[in-house]
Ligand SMILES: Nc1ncnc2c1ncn2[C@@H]1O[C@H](COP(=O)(O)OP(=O)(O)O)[C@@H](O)[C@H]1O
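Next up: just one chain, as structure tokens, the form predicted on its own.
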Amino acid sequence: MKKLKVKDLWFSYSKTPVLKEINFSADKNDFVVVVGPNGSGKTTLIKCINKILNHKNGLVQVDNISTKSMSQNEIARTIGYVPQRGYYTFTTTIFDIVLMGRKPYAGWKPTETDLQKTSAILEELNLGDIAMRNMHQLSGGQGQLSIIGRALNQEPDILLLDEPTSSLDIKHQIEVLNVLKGLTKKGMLVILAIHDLNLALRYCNKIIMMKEGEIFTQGGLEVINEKTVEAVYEIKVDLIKHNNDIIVIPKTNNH
């Protein structure tokens, strides 16, 4: 079982803090979404958790062990990461992309176990039939699933994703988020930075709303109301409920 705890986390690129006193915890089976306007610190928070950025103040702990004391291989075997970028367009096969996830375990060359685990991930993501296609031949959804597959091949307990649906149409957004939701049901902790608040609310059980480098509010869906959304995004909104889903509708001057 892996429990993530972030305590009194601060981060600065220069003298100006980008993250200020971040505190939250999450556990296996949680689907945590991090939302907020551009520049609120979502990407920086994801990178600090994964030790891509080294925070100077505060703690990031996995099962009470500070990530600062963990090697890069230990981090990679514990935390998978899907960066904020479109899927790769170079001429590398899906199989080879997903196989890269075995790097924390592999020696000079992949073992039979590495190859078997790669094939299993591809089948799980319904990519087995196209495993030998090059990445530039894929749809956006297939490409993003391939990058997620690479992270899953690290066998992490925690999966971090930075805007994995931003370049996808709605069909492929749903496809990717359904996969992520399925991972939480199997015991993984998923933390997802995302812009689409309505999409986030349909999948998460915990939400962190950020503004200007701080956590404005956090909790379950009960923290979502007109007051919090309007304060974070600085727009007027209506909230309605439909089939137990919360839908945020921005108010405009158009009628």
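Heads up: residue numbers just count along the shown sequence, starting at 1. Given the structure is predicted, the values throughout are model-derived calculations rather than measurements.
Another form exists, predicted in complex with this ligand; not displayed. Remarks below refer to it.
Here the chain stands by itself, but in the model of the complex one stretch of 32 to 40, 218 to 226, 65 to 73, 196 to 204, 32 to 40, has heavy atoms within 4.5 Å of this ligand. Proximity of V18 to this ligand in the model of the complex: non-hydrogen atoms within 4.5 Å are present. Although the partner is absent here, T44 lies within 4.5 Å of this ligand in the model of the complex, judged by heavy atoms.
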